[in-house]
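What follows is a single chain, given as structure tokens, in the form predicted on its own.
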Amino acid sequence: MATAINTSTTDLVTRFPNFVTLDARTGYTGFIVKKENLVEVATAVRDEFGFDLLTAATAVDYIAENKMEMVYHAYKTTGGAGLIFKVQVERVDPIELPSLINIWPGVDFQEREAWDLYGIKFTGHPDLRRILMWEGFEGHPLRKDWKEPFFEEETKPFKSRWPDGQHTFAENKNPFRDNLNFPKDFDPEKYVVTGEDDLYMSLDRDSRKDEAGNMKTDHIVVNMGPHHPSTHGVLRVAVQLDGETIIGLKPVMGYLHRNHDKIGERNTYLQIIPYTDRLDYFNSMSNNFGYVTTVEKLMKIPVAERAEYIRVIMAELTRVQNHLIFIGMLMNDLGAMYTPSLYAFEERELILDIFEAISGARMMCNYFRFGGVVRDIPDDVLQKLKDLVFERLPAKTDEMERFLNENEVLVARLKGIHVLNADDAIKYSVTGPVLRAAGVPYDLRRADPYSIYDRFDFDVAVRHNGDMMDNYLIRFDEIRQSLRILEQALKQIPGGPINSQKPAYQVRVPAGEAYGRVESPKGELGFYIISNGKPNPYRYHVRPASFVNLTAVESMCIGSKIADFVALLAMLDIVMGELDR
């Protein structure tokens, strides 16, 4: 299914000879498009060349060259390699680029993120507000010339902390004990949140009007969250209602935002690995996988054969426990308190026992390394793992299905309640189980294989109704396919070293760019990294499945009843650590 990248390169340059050029920088790929022709080229990329899925839109600040750049990664849902196109503008405010939201609506939140953190204004975007920082925040914190209030150094390790260790906490330098600068003349006693008006105006603009001549009624705005278990973390959702019907919906996020990208650009390549654990904290092994795969692309190094199998085993165990918890917590959201979720957590705990035995940690595993993994699987743990995969997990999956799938309350709440159809899922850049439940058999392990997934016999789980029932059942389908992969990997795993490289505190990463992506349990988890040859990445960006998938939440919910909102949100299986970063 893979497509040679140079085929697309030749065609695109030939198609637009006057305003598309190859990116000739050493270590870079893709095309440079003139700003004035960005919409025209993007339309052709989608309609003529068939790249219907735009997964990532990433901003980069080349301050030394006085340029800002947007990098777009587009793919075909039929599979194959991607197409990268970029647009560059002078780094002079106001920095303006045309929005691509009318071509790929899935760029909505990603363009808002680029505006929030880089100050790039996207003309034509209908709702360009801050998305991760608070409304009164001053500046754009991912710009290379932005410094936090008690800035120490540009990159780690800081001299104050290593080797002498004479550090002080930045918060102690502030009378409010906070590493934060307020805008000029800011008075917290008199501050009025102006962003709320923009939020509610965006709801009003997007709401449906009653034109049927019925009795005029007022619309009600209900705020769900941010502190509510049904929003799966500190997420706030402003819902506009006509009676009990949702007519407008806007998620408000950023309560957990800690600028993960900026932390990554300060850290060395090795120091970043434990930070990836803390993104989707249910799935640290998958997070490690995506990050080290990207750095290995830049380093052009092989991975030890045994380590490849261990990585796949860890990633598929991660998928199994994630989907079991999804099923248990969905029951929780629907009102079946405790019992189903405790059944699911019991199996998760057994899988975490394996993670703890091989990595030393249950949740923040910090296990993958460039070229392999940090330590081998002990023999006794390997036997426990085989017992789990061949005996217990298949039986417990059957048991969960037997208890739940024909429960009349469950079926009544899920069956026939629309989530997304195939066209809308692709349009909004949705990936993972929600896309496959809409009838699109797009799974990176098959569509654009990485690691050694091309060695295993398994099917891409797909269902075709696009309702909540299919979104629920597809998790069982994926658990069974993961168990198939695990059985084959455990039978085939070879002996030998677990890393192709010698242990090193610093790794040498050649200059260039790379985008690596894996099929995490929630969808496509991507990392875009630019190296300038120094010990720290010049640009480090996470493309999280939770964040991008949430772009579709308004489309999913409009026309549904407020009683179904909690279950519809649960279908996206978001984790706020990954969403907010």
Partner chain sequence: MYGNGILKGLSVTLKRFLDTYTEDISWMLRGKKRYNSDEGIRHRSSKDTKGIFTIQYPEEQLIVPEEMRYIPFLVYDEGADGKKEVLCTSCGICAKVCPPQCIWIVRSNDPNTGRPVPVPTDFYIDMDICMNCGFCAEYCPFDAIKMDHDFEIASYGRSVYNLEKLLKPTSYYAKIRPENYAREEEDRKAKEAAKAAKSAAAAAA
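Residue numbers count along the first chain shown, from 1. The structure presented is a predicted model; accordingly, all values stated were derived computationally and were not measured.
As for the form predicted together with the partner chain, it is not shown, yet the points below apply to it.
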message: Residues 157, 360 and 392 are flagged as a possible site; in the model of the complex, is every one of them within 4.5 Å of the partner chain by some non-hydrogen atom?
response: yes
message: Please pick out the stretch from 405-413, 87-95, 450-458, 463-471 that is in contact with the partner chain in the model of the complex, where contact means heavy atoms within 4.5 Å.
response: 405-413
- prompt: Out of 198, 171, 487, 305, which one falls within 4.5 Å of the partner chain in the model of the complex, going by heavy atoms?
  reply: 171
field: The unique member of 384, 219, 144, 508 whose heavy atoms fall within 4.5 Å of the partner chain in the model of the complex
entry: 384
query: For residue 270, is any heavy atom within 4.5 Å of the partner chain in the model of the complex, or not?
result: yes
query: Is residue 420 close to the partner chain in the model of the complex, meaning a heavy atom pair under 4.5 Å apart or at it?
result: no
message: With the partner left out here, check for me: in the model of the complex, does some heavy atom of residue 114 sit within 4.5 Å of the partner chain?
response: no
message: How about residue 122 - does it come within 4.5 Å of the partner chain in the model of the complex, if we only consider non-hydrogen atoms?
response: no
- prompt: Within 533-552, which residues come within 4.5 Å of the partner chain in the model of the complex, counting heavy atoms only?
  reply: none
